[in-house]
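Shown next as structure tokens: one chain only, the form predicted alone.
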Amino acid sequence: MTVSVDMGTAPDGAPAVMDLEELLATRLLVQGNSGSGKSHLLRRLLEGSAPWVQQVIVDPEGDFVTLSDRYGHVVVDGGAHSENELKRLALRIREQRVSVVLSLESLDVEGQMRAAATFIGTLFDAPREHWFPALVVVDEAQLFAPAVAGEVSDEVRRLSLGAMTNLMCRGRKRGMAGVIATQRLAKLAKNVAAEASNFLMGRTFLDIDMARAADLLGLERRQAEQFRDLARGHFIALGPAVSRRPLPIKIGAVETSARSASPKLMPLPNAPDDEARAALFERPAELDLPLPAAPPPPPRPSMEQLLRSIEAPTPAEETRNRPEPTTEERDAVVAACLAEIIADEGESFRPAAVLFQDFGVRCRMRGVSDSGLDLAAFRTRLSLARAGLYAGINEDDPMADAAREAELLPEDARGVFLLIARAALERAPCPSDAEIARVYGTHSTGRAKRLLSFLEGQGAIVIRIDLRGGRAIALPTLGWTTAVSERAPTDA
């Protein structure tokens, strides 16, 4: 039984069909400038073939995620996963024959290329027993197989171009049929474009792109002018899966739609009148508020007040006569002094012994002559304070487990470990390199990174970086994990 997909209508009104089995063996290239209807064409092909073949869609703009509602495609956010996680997903997808949309809209161009290369490369390298037929659709293919080097690193370009070349050149034997769409043929690597045997060419204006399209279709250069006159949704088709001769077709309707749509014209609001124009340049009212009046001079004390002040005890006498603070009061003073030290600019960059002397002075100024901490105990409390735990922790506090784990680490690493542990316990985003450097007692984020590498080497933490650059840190012995930072963790 031959399975065909109705793509639309030919000039004589007859249906233009795509032979799906032939397409799987010969691959497809779609070209057209922005607004020519490429995405609409791909959607028509995907909807028509969804019941018959597994589909893997690399979607840089998130346009095809709506297929999940109607056809059950699984949407994978490429930016929310690490490279290893994308590899595991790709292997499971080939094994279980699940149709999937890899949405890359949350990534920059380099992140999109790296994610696509990882995903497609793993699909290609899947075990032989999982080589089931699959359409692998790549929209905006010029991003992933650029003809020339751009602003991305050479390493990422090589990875992405290699994955796309494998898809188009060697994917057929593994059941993978590449369907690639591009706005600019001239920007697409020639060895990738040349492997397609089926073509659908839409509206194109630039001479260099029309010349490439004419070469691929076997047309004379003068015939390439017709690409300028094509309407939106109209394409010239050629290839064993659709037509043996160049055939103009009009793409038919689709059942799903993209989340984004072309901008629609709408009337402007009424022209502003003179009062509205004046309001645009009106001075903010808060700028015209009167300045506050100078405070009145303090009243001169009376003779009686002076005599009472002479008879009152001096501050030193009050301190000597003050009763010893309770344990609760002393703990509150210790916590307050630690908080002040942490808040003081530059405190993290002074030795603990110097900070201990400063701590003692601050406690005595609050009437606590004995804080109950020696230097070793102060170092422990300082580590807790740097993690935001000024009042210490009780034995029944979950952070007590983290404190015991921190005791197994070098002294200068304990504060950083506790900082991460507290973020993990509260499911807060992973601390940035700058925060870690401050707690570590350095201005260098490089030293902070080296400390994290050391802690990971000791098995105290496990670091996970996703393709957006967001970082999460897990503490295996505690079973806690921070939330993923929303941006690259280095912010200094």
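For every residue, the number given is its place in the sequence shown, counted from 1. Quick caveat: nothing in here was measured; it's all calculated off a predicted structure.
What follows is about the form predicted together with a small molecule, which we do not show.
Contact annotation: of the candidates 62, 35, 429, 441, the single residue with a non-hydrogen atom within 4.5 angstroms of the small molecule in the model of the complex is 35. For the options 368, 251, 385, 89, the one in contact with the small molecule in the model of the complex, meaning a heavy atom within 4.5 Å, is 251. Comment: 225-233 is the region of 152-160, 417-425, 75-83, 225-233 lying near the small molecule in the model of the complex, near meaning a non-hydrogen atom within 4.5 Å. Put simply, residue 445 is far from the small molecule in the model of the complex: not one heavy atom of it is within 4.5 Å. Remark: residue 39 counts among the residues lining the small molecule in the model of the complex, judged by a heavy atom distance of 4.5 Å or less.
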